[in-house]
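The form predicted alone is given below as one chain in structure tokens.
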């Protein structure tokens, strides 16, 4: 909701808090086939994308999310050649995935083409790899795509989705994770954005239960800072097919050939540690 003409504020009823950004102007407003899309220019966080009133990303801090949604998974998979991204319409995760020389194909499946077209205009730095010959962008239903995917056709599947409401709700179910399991190669990795470990305890429990129920041998939640999201603390959850999440390729991570702003081997190791609150309050290990 808007506080007044100079502030954009997103209230989190579950947290009892709100996060606000001072804005200079609204740059774009559009009712797409699926959601309301808005772009603002802010005084301190650069461009701001909002979907249905919820903050999706800003220029200033999106690297935290995009790096953690991609690099831990790709350095955990033994041979990350074929990568599927479900959602990710802003293309920031796609850009990070294509930094890995081993990747031969990165398919991005997002139902709303308008998000990608707006990102190309207002967040061009996130879309700089869209024309990479290894990239394929498809604007169709990701749940249907995974259900029809060939067995063992991907090494990494990244669920870069919005919150589990509306069309995205089906991306958080055991049935969907089971289809991802079938589509993953041996040792393959699924990663799901999994909301705030400080606030969304029930959802995190449900994600772990659903991933375990789908047959994954190891499930780990990796927390990271994300200032513009509720509580300022976010997470992604890794699920590994017949391997352990802790068995990531440490040498390759330490000697990566590309620059990052947040991710490195020490961040990866630290994110795999289990805070006592995960056990006591969320019930996961």
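Residue numbers count along the first chain shown, from 1. In this text, all values refer to a predicted model and were calculated from it rather than measured experimentally.
We do not show the form predicted together with ligand SAM, though everything after this point is about it.
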Residue 35 within 4.5 Å of ligand SAM in the predicted bound form, heavy atoms: yes
4.5 Å heavy atom contact, residue 156 and ligand SAM in the predicted bound form: no
Is there a heavy atom of residue 120 no more than 4.5 Å from a heavy atom of ligand SAM in the predicted bound form? no
Would residue 229 show up as a contact with ligand SAM in the predicted bound form if we use heavy atoms at 4.5 Å? yes
Whether 67, 74 and 189 all lie within 4.5 angstroms of ligand SAM in the predicted bound form by heavy atom: no
Listed residue (126, 211, 86, 204) with a non-hydrogen atom within 4.5 angstroms of ligand SAM in the predicted bound form: 86
Assert contact residue (ligand SAM, in the predicted bound form, non-hydrogen atom within 4.5 Å, options 149, 103, 109, 199) equals 109
Could you tell me which stretch in 178-186, 211-219, 74-82, 89-97 has residues with non-hydrogen atoms within 4.5 Å of ligand SAM in the predicted bound form? 89-97
At 4.5 Å, heavy atom to heavy atom, what parts of 188-213 sit next to ligand SAM in the predicted bound form? List them in sequence order, or say none. 193
